[in-house]
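The data below hold one chain only, encoded as structure tokens and taken in the form predicted alone.
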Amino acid sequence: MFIIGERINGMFKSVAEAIQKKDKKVIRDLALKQVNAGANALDLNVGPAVAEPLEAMIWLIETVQEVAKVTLSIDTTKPEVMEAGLKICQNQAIINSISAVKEKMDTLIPLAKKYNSLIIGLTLDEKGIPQTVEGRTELACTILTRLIDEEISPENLYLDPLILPVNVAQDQCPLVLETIKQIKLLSDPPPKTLLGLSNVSQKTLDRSLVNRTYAVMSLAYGLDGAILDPLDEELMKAVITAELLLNKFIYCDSYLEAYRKK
């Protein structure tokens, strides 16, 4: 599974303080710990409390790239911050995210094309998040069709059917699993699927247990990637073991260690 580390986010108090104080050590340590724990990419979000988000994003990207040569996911709602971030990424970056709102697609898809970025597409439009498999799949198709019209390969797209917290939208958990399966039928090659995994466990008592259980279930339905906490060891073990049992790599007694080295 393509794992995007979620920990460099200004919503976390320690990260917000590090950004405000320009404390590179905190950010570098978080980047290295996530990569060493198995993250293939790192999501970067300066958070809502930053006075100059463009300057903060540039500092954050430059700080991470000093120690980690991985894919970076630029997580912002501001197009000018997004482009500033894409410009300085040393590797192919990820736009996090593009919804099915026409204005968002008109603004961000040209940036994806200009910088050859990967894209996280959200099954969300002006009306919000659909409450049915069909509604989410239709919005996924809207984003996919627009990308194809712009001559962007479906292989550059990760579609996120938007899992909601189980404590307020329990019925949506199986619905999202079915949506993952349906998205795979939209094109050939099929678009990839991704979840912001931690959303499912918001304000639950045992977040780690909820996250790792839903991760395993989602993998069985064809999930390709997730934004998650790679520092959660039990979650990572569950993800690796699920991929083993889905026959995605060859078993050996030390498969956890072998997977991480890979």
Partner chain sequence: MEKVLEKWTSKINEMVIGATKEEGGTRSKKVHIGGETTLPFLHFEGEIPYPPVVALEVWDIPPEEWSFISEDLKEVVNDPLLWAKKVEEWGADLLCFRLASAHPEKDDTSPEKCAEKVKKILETVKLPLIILGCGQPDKDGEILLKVSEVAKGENCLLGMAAKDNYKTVVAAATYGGHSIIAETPLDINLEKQLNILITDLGFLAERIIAHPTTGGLGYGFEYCYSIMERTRIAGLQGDKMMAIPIINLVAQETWKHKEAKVNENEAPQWGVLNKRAIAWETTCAVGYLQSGADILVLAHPQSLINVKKAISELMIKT
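Residue numbers count along the first chain shown, from 1. Not measured: the values here are computed from a predicted model.
Omitted from view is the form predicted in complex with its partner chain, to which the following refers.
- Within this chain, Met11 is remote from the site of its partner chain in the model of the complex, having no heavy atom within 4.5 Å.
- Residue contact check for Met1: none of its heavy atoms lie within 4.5 Å of its partner chain in the model of the complex.
- The shortest heavy atom separation between Cys252 and its partner chain in the model of the complex is within 4.5 Å.
- Remark: Glu134 does not count among the residues lining its partner chain in the model of the complex, judged by a heavy atom distance of 4.5 Å or less.
- Counting a residue when any of its non-hydrogen atoms is within 4.5 Å of its partner chain in the model of the complex, the one hit in 140-161 is Glu155.
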